[in-house]
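One chain comes next, on its own, written out as structure tokens in the form predicted alone.
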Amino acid sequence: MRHNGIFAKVFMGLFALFMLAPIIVVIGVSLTPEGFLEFPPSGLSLRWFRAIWDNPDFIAAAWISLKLGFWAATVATVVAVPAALAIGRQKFKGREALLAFFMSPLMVPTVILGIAFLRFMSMIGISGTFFGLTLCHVIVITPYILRLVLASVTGLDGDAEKAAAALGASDWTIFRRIILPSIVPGIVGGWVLAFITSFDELTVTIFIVNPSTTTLPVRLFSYIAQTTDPLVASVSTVTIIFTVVLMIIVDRIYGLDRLLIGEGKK
């Protein structure tokens, strides 16, 4: 096995530092006892974490983001799994066009998507509702699930299915006992990535929310526009910890390598 040279290690170290630096600054600012943004902090205090509980708007927005992420990721999974099975396992006219259609939200600027969603939701009378917000997020995050499930589907071993069919197994039995267990890592990985994407989504969401459906990213954006204090950093730190805990749980259950790049735990 070839080992990385000193320049490669230095480059990777600098790149990792570049990626981690904003997170370190945010966490450091959230621990300051002062009433202004300060890094490095002059002391360590949980003052601004306690301040989160004194601000019910942030708590309500966090619950809306959690519910929105859960339902949007779940509905998107229901849409993406059959689509991935059809595109990955069947040969039919328009297959490439169908794949491009499902992946198109990744190619369109999110600002354009936001304006289009705003106009369309207003026309059908669901603009600003939680249902309309969920539909918009489903469209935005479906490509993330489709990509991972499609990768799992295209990597299936057809010999096991042929052997099961030769022994008299029904199509449903083959799907339930062979196909579904093989693509579960892709489904779980896609759901997690979709949930995180929906939870953090701002550009599209800001066009279609109203005061009763304001999500946490939109609440943070609005708060920063009016006030600059370490409360924003403490809310961001809690969000970072939540995301890290979620990824650790998924890694312990399925393994991130298996979920994200298809390698099994050794």
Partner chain sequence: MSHSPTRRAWALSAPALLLFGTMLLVPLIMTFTLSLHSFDFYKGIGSDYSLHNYVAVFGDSYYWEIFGRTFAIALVTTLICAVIGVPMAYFMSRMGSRMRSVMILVVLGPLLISVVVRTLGWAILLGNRGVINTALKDWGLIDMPIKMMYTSGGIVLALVHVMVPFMILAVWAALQRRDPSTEAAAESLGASAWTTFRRVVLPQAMPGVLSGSLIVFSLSASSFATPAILGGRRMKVVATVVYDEFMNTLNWPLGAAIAIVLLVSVLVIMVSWNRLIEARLGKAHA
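Quick caveat, the model's predicted, so the values are computed rather than measured. Numbering follows the first chain given and starts at 1.
Separately, the form predicted in complex with its partner chain exists; it is not shown, and the next lines address it.
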is_contact(residue 128, its partner chain) in the predicted complex, heavy atom dist at most 4.5 Å: no
Partner contact for residue 120 in the predicted complex: its partner chain, 4.5 angstroms, heavy atom: yes
Contact of residue 200 with its partner chain in the predicted complex (heavy atom, 4.5 Å): yes
Contact label in the predicted complex: residue 136 to its partner chain, heavy atom within 4.5 Å: yes
Whether 39, 113 and 193 all lie within 4.5 angstroms of its partner chain in the predicted complex by heavy atom: yes
One residue of 181, 158, 94, 155 in contact with its partner chain, assessed in the predicted complex (non-hydrogen atom, 4.5 angstroms): 94
Contact assignment for its partner chain in the predicted complex, among 236, 55, 213, 45, heavy atom within 4.5 Å: 236
Sequence-ordered list of residues in 219-241 near its partner chain in the predicted complex, where near means a heavy atom within 4.5 Å: 220, 221, 224, 228, 232, 233, 236, 239, 240
